[in-house]
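There is one chain below, alone, in C-alpha coordinates, taken in the form predicted alone.
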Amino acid sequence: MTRSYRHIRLDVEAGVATLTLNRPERLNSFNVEMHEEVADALAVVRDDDATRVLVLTGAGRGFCAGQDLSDRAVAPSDTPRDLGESIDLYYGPLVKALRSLPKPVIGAVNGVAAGAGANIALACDVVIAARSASFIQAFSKIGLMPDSAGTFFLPQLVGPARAMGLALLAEKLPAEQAEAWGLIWRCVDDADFAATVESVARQLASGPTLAYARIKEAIYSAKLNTLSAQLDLERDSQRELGYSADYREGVAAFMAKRAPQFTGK
(Lines give C-alpha, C1' and ligand atoms only; values in the text may rest on other atoms or scores of the structure.)
Protein backbone atom coordinates (compact mmCIF):
# COMPACT_ATOMS: atom_id res chain seq x y z
CA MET A 1 0.00 0.00 0.00
CA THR A 2 1.25 3.46 -0.89
CA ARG A 3 -0.48 6.57 0.38
CA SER A 4 -0.08 9.72 -1.70
CA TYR A 5 1.12 13.01 -0.22
CA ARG A 6 2.93 16.03 -1.61
CA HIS A 7 5.96 16.18 0.71
CA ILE A 8 6.21 12.67 2.14
CA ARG A 9 5.72 9.05 1.07
CA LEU A 10 4.05 6.34 3.13
CA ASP A 11 4.62 2.79 1.92
CA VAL A 12 3.33 -0.25 3.81
CA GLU A 13 4.41 -3.78 3.02
CA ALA A 14 4.38 -6.97 5.13
CA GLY A 15 3.71 -5.10 8.37
CA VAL A 16 6.44 -2.48 7.80
CA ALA A 17 5.41 1.13 7.22
CA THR A 18 8.09 3.36 5.72
CA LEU A 19 7.51 7.08 6.10
CA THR A 20 9.92 8.99 3.86
CA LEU A 21 10.38 12.73 4.24
CA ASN A 22 10.38 13.74 0.60
CA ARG A 23 11.64 17.27 0.04
CA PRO A 24 15.17 16.33 -1.05
CA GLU A 25 15.78 19.70 -2.70
CA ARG A 26 15.40 21.25 0.80
CA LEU A 27 17.17 18.41 2.64
CA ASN A 28 13.71 17.30 3.79
CA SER A 29 13.28 20.35 6.01
CA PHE A 30 9.83 20.92 7.47
CA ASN A 31 7.22 23.39 6.37
CA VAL A 32 3.67 23.53 7.71
CA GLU A 33 2.25 21.30 4.98
CA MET A 34 4.82 18.57 5.61
CA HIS A 35 4.07 18.69 9.34
CA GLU A 36 0.38 18.17 8.57
CA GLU A 37 1.13 15.29 6.21
CA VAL A 38 3.41 13.55 8.72
CA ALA A 39 0.76 13.91 11.44
CA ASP A 40 -1.80 12.30 9.12
CA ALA A 41 0.58 9.46 8.19
CA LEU A 42 1.39 8.72 11.84
CA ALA A 43 -2.33 8.50 12.60
CA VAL A 44 -2.73 6.04 9.72
CA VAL A 45 0.11 3.90 11.07
CA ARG A 46 -1.22 4.05 14.62
CA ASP A 47 -4.70 2.91 13.61
CA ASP A 48 -3.63 0.12 11.23
CA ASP A 49 -3.37 -3.11 13.21
CA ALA A 50 -1.61 -4.81 10.31
CA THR A 51 1.26 -2.31 10.55
CA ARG A 52 3.67 -3.44 13.26
CA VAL A 53 6.75 -1.25 12.81
CA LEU A 54 7.47 2.20 11.41
CA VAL A 55 10.64 3.24 9.57
CA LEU A 56 11.22 6.99 9.40
CA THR A 57 13.79 8.10 6.83
CA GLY A 58 14.59 10.82 4.30
CA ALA A 59 14.81 11.01 0.53
CA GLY A 60 18.03 11.97 -1.22
CA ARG A 61 21.24 12.84 0.59
CA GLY A 62 19.76 14.05 3.86
CA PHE A 63 17.55 12.73 6.65
CA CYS A 64 16.11 16.08 7.73
CA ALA A 65 17.55 19.58 8.05
CA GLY A 66 14.90 20.61 10.59
CA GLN A 67 12.83 23.72 9.99
CA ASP A 68 12.71 25.19 6.49
CA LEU A 69 13.75 28.75 7.34
CA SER A 70 12.31 30.07 4.09
CA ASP A 71 8.89 28.99 5.40
CA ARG A 72 9.17 31.54 8.21
CA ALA A 73 11.87 33.90 6.96
CA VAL A 74 12.53 37.00 9.05
CA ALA A 75 14.66 40.08 8.54
CA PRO A 76 16.06 42.38 11.26
CA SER A 77 13.36 44.94 10.48
CA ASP A 78 10.49 42.42 10.57
CA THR A 79 8.07 41.91 13.44
CA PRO A 80 9.38 39.02 15.59
CA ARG A 81 7.75 35.62 15.05
CA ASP A 82 6.40 33.45 17.87
CA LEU A 83 8.57 30.35 17.47
CA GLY A 84 7.03 28.79 20.56
CA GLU A 85 3.81 28.45 18.59
CA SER A 86 5.47 26.10 16.07
CA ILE A 87 6.63 23.89 18.94
CA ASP A 88 3.13 23.81 20.43
CA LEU A 89 1.43 23.13 17.10
CA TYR A 90 3.91 20.96 15.23
CA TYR A 91 7.24 19.83 16.68
CA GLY A 92 5.97 18.94 20.15
CA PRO A 93 3.06 16.84 18.86
CA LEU A 94 5.37 15.13 16.34
CA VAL A 95 7.89 14.07 19.00
CA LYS A 96 5.10 12.92 21.31
CA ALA A 97 3.44 10.96 18.50
CA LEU A 98 6.66 9.07 17.73
CA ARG A 99 7.33 8.30 21.38
CA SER A 100 3.76 7.20 22.15
CA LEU A 101 3.22 5.15 18.98
CA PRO A 102 2.40 1.64 20.28
CA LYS A 103 4.76 0.13 17.71
CA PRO A 104 8.55 0.30 17.36
CA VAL A 105 9.90 3.25 15.37
CA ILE A 106 13.20 2.92 13.51
CA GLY A 107 14.96 6.15 12.68
CA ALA A 108 16.86 5.35 9.48
CA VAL A 109 19.26 8.28 9.25
CA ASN A 110 20.54 8.18 5.69
CA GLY A 111 22.34 11.53 5.74
CA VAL A 112 22.63 14.75 7.69
CA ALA A 113 20.17 15.22 10.57
CA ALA A 114 20.34 18.86 11.64
CA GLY A 115 18.45 21.06 14.06
CA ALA A 116 14.99 19.71 14.76
CA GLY A 117 15.78 16.91 12.30
CA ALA A 118 18.45 15.58 14.64
CA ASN A 119 16.04 15.53 17.57
CA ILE A 120 13.22 13.99 15.57
CA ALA A 121 15.65 11.16 14.82
CA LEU A 122 16.41 10.84 18.55
CA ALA A 123 12.66 10.58 19.24
CA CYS A 124 12.68 7.26 17.39
CA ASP A 125 13.09 4.05 19.39
CA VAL A 126 15.99 2.53 17.44
CA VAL A 127 18.26 4.81 15.41
CA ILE A 128 20.38 3.29 12.64
CA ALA A 129 22.65 5.69 10.75
CA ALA A 130 24.70 5.36 7.61
CA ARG A 131 28.40 5.95 8.24
CA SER A 132 28.29 9.09 6.08
CA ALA A 133 25.44 10.55 8.17
CA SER A 134 25.90 13.15 10.88
CA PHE A 135 23.98 14.92 13.63
CA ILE A 136 24.14 18.69 14.18
CA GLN A 137 22.46 20.73 16.91
CA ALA A 138 22.56 23.76 14.61
CA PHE A 139 20.27 26.02 16.63
CA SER A 140 22.87 28.30 18.22
CA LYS A 141 24.16 29.25 14.76
CA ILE A 142 20.97 31.27 14.26
CA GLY A 143 20.56 32.46 17.84
CA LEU A 144 18.26 29.70 19.08
CA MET A 145 18.40 26.77 21.50
CA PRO A 146 17.72 23.09 20.77
CA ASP A 147 14.03 22.22 20.62
CA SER A 148 11.94 19.22 19.56
CA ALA A 149 12.97 17.74 22.93
CA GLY A 150 16.69 18.04 22.18
CA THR A 151 17.38 19.42 25.66
CA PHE A 152 15.52 16.40 27.05
CA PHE A 153 17.10 13.68 24.90
CA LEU A 154 20.72 14.82 24.75
CA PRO A 155 21.60 14.88 28.48
CA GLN A 156 19.91 11.51 28.96
CA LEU A 157 21.74 9.89 26.07
CA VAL A 158 25.23 11.39 26.23
CA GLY A 159 25.39 13.20 29.60
CA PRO A 160 25.27 16.92 30.39
CA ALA A 161 28.87 17.71 29.40
CA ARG A 162 28.57 16.35 25.86
CA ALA A 163 25.01 17.67 25.53
CA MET A 164 26.22 21.15 26.45
CA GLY A 165 29.08 21.01 23.97
CA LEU A 166 26.84 19.81 21.15
CA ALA A 167 24.26 22.53 21.88
CA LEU A 168 26.65 25.45 22.42
CA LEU A 169 29.23 24.72 19.72
CA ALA A 170 26.85 23.30 17.09
CA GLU A 171 29.58 20.99 15.82
CA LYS A 172 28.87 18.17 13.40
CA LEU A 173 28.83 14.79 15.16
CA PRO A 174 29.66 11.94 12.73
CA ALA A 175 27.46 8.85 12.94
CA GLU A 176 30.36 6.68 14.09
CA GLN A 177 31.01 9.03 17.02
CA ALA A 178 27.29 9.20 17.77
CA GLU A 179 27.28 5.41 18.15
CA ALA A 180 30.38 5.45 20.36
CA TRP A 181 28.76 8.06 22.61
CA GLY A 182 25.52 6.08 22.91
CA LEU A 183 23.45 8.67 21.05
CA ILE A 184 22.24 6.08 18.54
CA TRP A 185 21.88 2.32 18.37
CA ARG A 186 24.07 1.53 15.38
CA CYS A 187 26.24 3.05 12.66
CA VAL A 188 26.65 0.90 9.54
CA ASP A 189 28.55 1.25 6.30
CA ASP A 190 26.62 3.06 3.61
CA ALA A 191 26.65 -0.05 1.42
CA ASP A 192 24.96 -2.05 4.20
CA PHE A 193 22.57 0.64 5.41
CA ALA A 194 19.41 -0.27 3.47
CA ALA A 195 19.79 -4.01 4.12
CA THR A 196 20.40 -3.45 7.84
CA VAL A 197 17.33 -1.23 8.22
CA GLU A 198 15.22 -3.77 6.33
CA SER A 199 16.49 -6.66 8.46
CA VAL A 200 15.74 -4.88 11.75
CA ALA A 201 12.33 -3.76 10.47
CA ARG A 202 11.41 -7.31 9.44
CA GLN A 203 12.52 -8.63 12.82
CA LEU A 204 10.38 -6.13 14.69
CA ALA A 205 7.41 -6.60 12.34
CA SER A 206 7.36 -10.32 13.18
CA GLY A 207 7.77 -9.78 16.91
CA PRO A 208 5.40 -9.41 19.89
CA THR A 209 3.94 -5.97 19.15
CA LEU A 210 2.10 -5.57 22.45
CA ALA A 211 5.26 -6.39 24.38
CA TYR A 212 7.16 -3.84 22.31
CA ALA A 213 4.57 -1.19 23.17
CA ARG A 214 4.91 -1.90 26.89
CA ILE A 215 8.73 -1.91 26.63
CA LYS A 216 8.59 1.57 25.07
CA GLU A 217 6.23 2.82 27.75
CA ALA A 218 8.34 1.45 30.60
CA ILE A 219 11.72 2.65 29.36
CA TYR A 220 10.44 6.15 28.56
CA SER A 221 8.73 6.38 31.95
CA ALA A 222 11.77 5.28 33.95
CA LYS A 223 13.51 8.66 34.06
CA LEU A 224 10.45 10.32 35.55
CA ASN A 225 9.22 7.56 37.86
CA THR A 226 10.26 6.66 41.36
CA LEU A 227 11.52 3.11 41.88
CA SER A 228 8.18 2.19 43.45
CA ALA A 229 6.19 3.67 40.57
CA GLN A 230 8.36 1.89 38.03
CA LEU A 231 7.90 -1.45 39.80
CA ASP A 232 4.15 -0.87 39.77
CA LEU A 233 4.26 -0.13 36.05
CA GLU A 234 6.26 -3.31 35.41
CA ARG A 235 3.80 -5.33 37.48
CA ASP A 236 0.75 -4.01 35.66
CA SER A 237 2.30 -4.38 32.21
CA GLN A 238 3.65 -7.86 32.87
CA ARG A 239 0.24 -8.91 34.15
CA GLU A 240 -1.32 -7.71 30.89
CA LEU A 241 1.34 -9.40 28.76
CA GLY A 242 0.95 -12.65 30.69
CA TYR A 243 -2.60 -12.90 29.37
CA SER A 244 -1.56 -12.26 25.76
CA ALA A 245 -1.61 -14.78 22.94
CA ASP A 246 1.98 -13.88 22.10
CA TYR A 247 3.18 -14.92 25.57
CA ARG A 248 1.52 -18.30 25.24
CA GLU A 249 2.99 -18.71 21.76
CA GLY A 250 6.43 -17.62 22.96
CA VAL A 251 6.48 -20.18 25.75
CA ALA A 252 5.13 -22.95 23.50
CA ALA A 253 7.77 -22.18 20.89
CA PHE A 254 10.53 -22.16 23.50
CA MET A 255 9.44 -25.53 24.89
CA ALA A 256 9.15 -27.01 21.38
CA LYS A 257 12.51 -25.51 20.34
CA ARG A 258 10.99 -23.76 17.33
CA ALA A 259 10.72 -20.16 16.13
CA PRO A 260 7.67 -18.35 17.57
CA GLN A 261 4.90 -17.12 15.29
CA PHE A 262 3.79 -13.94 17.00
CA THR A 263 0.57 -12.21 15.96
CA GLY A 264 1.06 -9.02 17.92
CA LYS A 265 -1.88 -9.77 20.24
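Every value quoted in this text rests on a predicted model; they were computed, and no experiment measured them. Just count from 1 along the sequence shown to find any residue number.
FYI, the form predicted in complex with a small molecule isn't displayed, but the following is about it.
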Exercise for review: Name the single residue among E217, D68, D40, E33 that comes within 4.5 Å of the small molecule in the model of the complex, judging by heavy atoms.
Suggested key: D68
Revision key, fill the gap. Heavy atom within 4.5 Å of the small molecule in the model of the complex, from candidates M164, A195, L89, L83, belongs to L83
Study note, to complete from the structure: Partner contact check in the model of the complex: of 123 to 131, 155 to 163, 177 to 185, 110 to 118, the stretch with a heavy atom within 4.5 Å of the small molecule is 110 to 118
Check your understanding: If you check in the model of the complex, is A97 within 4.5 Å of the small molecule, heavy atoms only?
Key -> no
**Study point:** the small molecule contact at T209 in the model of the complex, heavy atom, 4.5 Å
**Key:** no
Check your understanding: So, in the model of the complex, is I142 in contact with the small molecule at a 4.5 angstroms heavy atom limit?
Key -> yes
Review point. Is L101 close to the small molecule in the model of the complex, meaning a heavy atom pair under 4.5 Å apart or at it?
Key: no
